[in-house]
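Next comes just one chain, in structure tokens: the form predicted on its own.
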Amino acid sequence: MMDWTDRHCRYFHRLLSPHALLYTEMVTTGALLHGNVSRHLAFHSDEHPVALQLGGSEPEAMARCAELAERWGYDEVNINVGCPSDRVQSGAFGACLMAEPDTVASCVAAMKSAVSIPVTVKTRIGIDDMDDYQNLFDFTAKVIAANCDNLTVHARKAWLKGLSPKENRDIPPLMYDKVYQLKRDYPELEVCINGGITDSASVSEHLRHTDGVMIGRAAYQNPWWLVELEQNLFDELHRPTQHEVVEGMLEYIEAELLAGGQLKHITRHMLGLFQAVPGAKQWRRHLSENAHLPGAGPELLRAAAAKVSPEPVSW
């Protein structure tokens, strides 16, 4: 979810989903230890609960970054062992670490010693020819021994040689049964499932076999689905209209603009809000064509929303 789940996106998604645990984009240890910490770690207090996802493979550096995460108020720190991009492979972290379970375990142990917040891992079911269930089983045993608090498994393997990151999101087949089996084999470990989950019925089915469900692209492309999930999973009266969510963003936008931010960096995450509602195309067009203009502010959102039917979506 690089370039997607920034702090603006997370604030917007929190309005839609009061209960979800939100994750940052992956931040590398180098960026935190040698870059602008505030730019990478600052977030709005309303985002809680929120987890920082780290990319790295040096236990000492990972521990130092975990300390930063706790100091900045994050509720969890997560190790990315799932990203298959060329950039992470050249940096010897991400999905290639599935071939180095001892390294991952050392990072978990170092981070657990440094912080009191949960330390978790997100991984794949395998990489390249290392896709036997036994590899995943053994990898999990190592991170459990290091006191990992949660394992989230993308139910596809990653081809590090031959497929692009985009192709790795769709071409390797989904194998949910392997994640279900992992939970059966390690009942004491909190196991969450990820990958190709696009509807509420699937979420309910996965929750019969695992402890949680992580949703990525589907929630970004159709953010209103998060409201439906809140109702289905928590049986609460969290049912704002899309127009109320727009209004809920205005104060945040005003504060960001006063601090020197740009409207386009916020509204790009909101384009899918009115998906399948009459006027949605006009909403997207108005924001896309005008949010970058000098002086664009909150009134632009109201003008764009006025082009959409005021009727709330029903399910």
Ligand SMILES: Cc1cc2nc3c(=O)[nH]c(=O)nc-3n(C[C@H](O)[C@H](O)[C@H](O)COP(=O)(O)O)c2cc1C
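In this text, all values refer to a predicted model and were calculated from it rather than measured experimentally. In this text, residue numbers run from 1 along the sequence as written.
The same protein has a further form, the form predicted in complex with the ligand, not shown here; the description that follows concerns it.
Residue contact check for residue 126: none of its heavy atoms lie within 4.5 Å of the ligand in the predicted complex.
In the predicted complex, residue 26 approaches the ligand with a heavy atom inside 4.5 Å. Interface residue remark: residue 195 is counted as part of the site for the ligand in the predicted complex, having a heavy atom within 4.5 Å. Contact between residue 215 and the ligand in the predicted complex is found at the 4.5 Å heavy atom cutoff.
The partner is absent here; in the predicted complex, the one residue of 243, 178, 209, 169 having a heavy atom within 4.5 Å of the ligand is 169.
Look at 133-141, 215-223, 106-114, 68-76: in the predicted complex, residues with non-hydrogen atoms within 4.5 angstroms of the ligand sit in 215-223.
Contacts to the ligand in the predicted complex (heavy atom within 4.5 Å) from stretch 40-57: 53 only.
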